[in-house]
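A single chain comes next, written as structure tokens; it is the form predicted alone.
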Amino acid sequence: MFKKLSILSILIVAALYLLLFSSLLFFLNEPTRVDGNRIAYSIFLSVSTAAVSTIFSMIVALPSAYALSRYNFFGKTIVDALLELPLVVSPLALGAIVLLFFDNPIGKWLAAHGITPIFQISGIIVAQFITIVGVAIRMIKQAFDSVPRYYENVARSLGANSFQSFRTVVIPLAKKGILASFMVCFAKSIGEFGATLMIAGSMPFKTETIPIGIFLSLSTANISRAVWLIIILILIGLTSLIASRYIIR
């Protein structure tokens, strides 16, 4: 009996999402006011900035996740808790924090020397990075935790140093988890909205990512364009998530 109830509950949730997604098809018959060039720019901007921010997050996450997985150090519990902030603090609030940072003396000094992401494409990358790097560290840490330390000890007994054992033993054994983390963070970056809006703004043909394009389209009652952008966002996200599950399996 419990088996049937549990299966029924997950089918109901899946049906709810399917109903919501399929309802978009009814709006495709709306009078078309779709600017192909603008949509193409939004897609290119979202994909390119998501790729850059995801690569940066991987560069930071690999050593960070290894430190959390293998070493004990002062303040580890606090650091571990801080990584949860993007999960409990909304992206809008994170973007507001970055925006306010560049209004304090340090931020103003950086801006005076040409280092500011505010209302720039670099702001999109910053927004995406701060919302995904914690997720990347979490996922890669789980992958590293699944690698027995025995193999590292064997490598070190054969003369490898810490970095060599990390590069030649841990990374290859955890590569599926790392690739899955990359795909999930890439999909999350493309769908990032709140922090991007606060840091980079919503300027067409400059900082208009796919989520920003959806927001602007709905604000101007351009339903057809919003629907097409939503469908594109869903397809990119689902493709990335399915790919990550295939990699893990």
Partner chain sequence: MRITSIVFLMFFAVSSYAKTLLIYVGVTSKPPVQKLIAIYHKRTGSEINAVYGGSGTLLSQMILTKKGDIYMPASPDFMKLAERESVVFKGNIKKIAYLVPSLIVPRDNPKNIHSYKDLAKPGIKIVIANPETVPIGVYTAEIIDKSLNKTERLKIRENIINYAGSAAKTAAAVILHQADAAFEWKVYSYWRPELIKAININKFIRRISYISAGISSFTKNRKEALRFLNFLSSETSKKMFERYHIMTNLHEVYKSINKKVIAGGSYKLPENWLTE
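Not measured: the values here are computed from a predicted model. Positions refer to the first chain, counted from 1.
The same protein also has a form predicted together with the partner chain, omitted here; what follows describes it.
S.K.: Indicate whether Lys108 is a 4.5 Å heavy atom neighbour of the partner chain in the model of the complex.
M.R.: The answer is yes: Lys108 has a heavy atom within 4.5 Å of the partner chain.
S.K.: Ser202: heavy atom within 4.5 Å of the partner chain in the model of the complex?
M.R.: It does: once the partner chain is placed as it appears in the model of the complex, Ser202 has a heavy atom within 4.5 Å of it.
S.K.: Would you please decide whether Thr220 lies within 4.5 angstroms of the partner chain in the model of the complex, comparing each non-hydrogen atom pair?
M.R.: So Thr220 counts as contacting the partner chain.
S.K.: Quick check on Val79: any heavy atom within 4.5 Å of the partner chain in the model of the complex?
M.R.: No.
S.K.: In the model of the complex, which of the stretches 128 to 136, 112 to 120, 83 to 91, 70 to 78 has residues with heavy atoms within 4.5 Å of the partner chain?
M.R.: Result for this chain: 112 to 120.
S.K.: Using heavy atoms only and a 4.5 Å cut-off, determine which of Val184, Val52, Met58, Leu216 is in contact with the partner chain in the model of the complex.
M.R.: Comparing distances to the partner chain in the model of the complex, the residue within 4.5 Å is Leu216.
S.K.: Identify whether the partner chain in the model of the complex is within 4.5 Å of every residue in the set Arg38, Leu100 and Lys206, based on non-hydrogen atoms.
M.R.: Checked in the model of the complex: all three residues contact the partner chain.
S.K.: If you apply a 4.5 angstroms heavy atom cut-off, which residues in 54 to 86 are near the partner chain in the model of the complex?
M.R.: The stretch 54 to 86, when checked against the partner chain in the model of the complex, contributes no residue at the 4.5 Å heavy-atom cut-off.
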